[in-house]
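Next up: a single chain in structure tokens, the form predicted on its own.
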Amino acid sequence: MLEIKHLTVAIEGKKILHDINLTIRTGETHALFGPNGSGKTTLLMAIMGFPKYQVIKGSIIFKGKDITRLPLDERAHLGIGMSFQRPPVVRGVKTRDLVAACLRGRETEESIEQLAERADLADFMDREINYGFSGGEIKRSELMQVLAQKPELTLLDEPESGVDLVNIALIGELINKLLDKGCHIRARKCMGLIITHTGHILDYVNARTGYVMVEGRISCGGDPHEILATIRAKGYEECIKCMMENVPSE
């Protein structure tokens, strides 16, 4: 359902991603590890279509359609949703109104309240978006909005970042609901790509495949728990060493 081919991305003329290849099938969840500044968020932003992230080479195929040059709103309508690492505060707009907008005409008072209860945010719906929210409340609010969209592909940028142990379990539940984890993989209609620096979210959300990104390149792929065990034991320095030994010259 998602196929990225030889993707090279630049920001203001500087190349950040180099020849990225990645395939995620319907029902699958993949995890992308990497040190800070390695290009992980750039990949999500490029898939989502933010204009700052310029595709120099390669293509992004979603549901059999080349979306490489499509604007962000058209990608969202096709079924791509994203949860940001640091969602902004939006003054003057109630959380309830944004959730209703995400439901895109499917909203009822009951459906909005059900989403609020699931995210443990029933008392926050008439507050301005993220204003005065804790880190965990912001992440739960963001996931509630994505749940309302019902995307077929969800991009999750470090969902455990800035979240305490009490909130991370609930965030894991929301992500599992979002990705249809309660269904057999063949019955799932959604797929996900999770960026994680620490890997803590994988204690709550199972991923099928993992990758390591270093300096804008995917250095390896395989079982996400094995990759995470290596990172925890040896750090990203081992991944950098491996990448430097195998990176092709440009």
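We number the residues from 1 along the sequence you see. Since we're looking at a predicted model, the values are computed, not measured.
The same protein also has a form predicted in complex with ligand ADP, omitted here; what follows describes it.
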Checklist entry - Looking at 29-37, 202-210, 63-71, 185-193, which one sits within 4.5 Å of ligand ADP in the model of the complex if you count heavy atoms only? => result 29-37
Checklist outcome for this item: Heavy atom within 4.5 Å of ligand ADP in the model of the complex, from candidates Q85, Q145, N167, N176, belongs to Q85
Checklist entry - With ligand ADP left out of view, which of I231, I240, I11, I24 would have a heavy atom within 4.5 Å of it in the model of the complex? => result I11
Item to check | Close approach of H225 to ligand ADP in the model of the complex, 4.5 Å, heavy atom | outcome: no
Checklist entry - For T41, is any heavy atom within 4.5 Å of ligand ADP in the model of the complex, or not? => result yes
Next on the checklist: At 4.5 Å between heavy atoms, is K52 in contact with ligand ADP in the model of the complex?
Outcome noted: yes
Next on the checklist: How about I20 - does it come within 4.5 Å of ligand ADP in the model of the complex, if we only consider non-hydrogen atoms?
Outcome noted: no
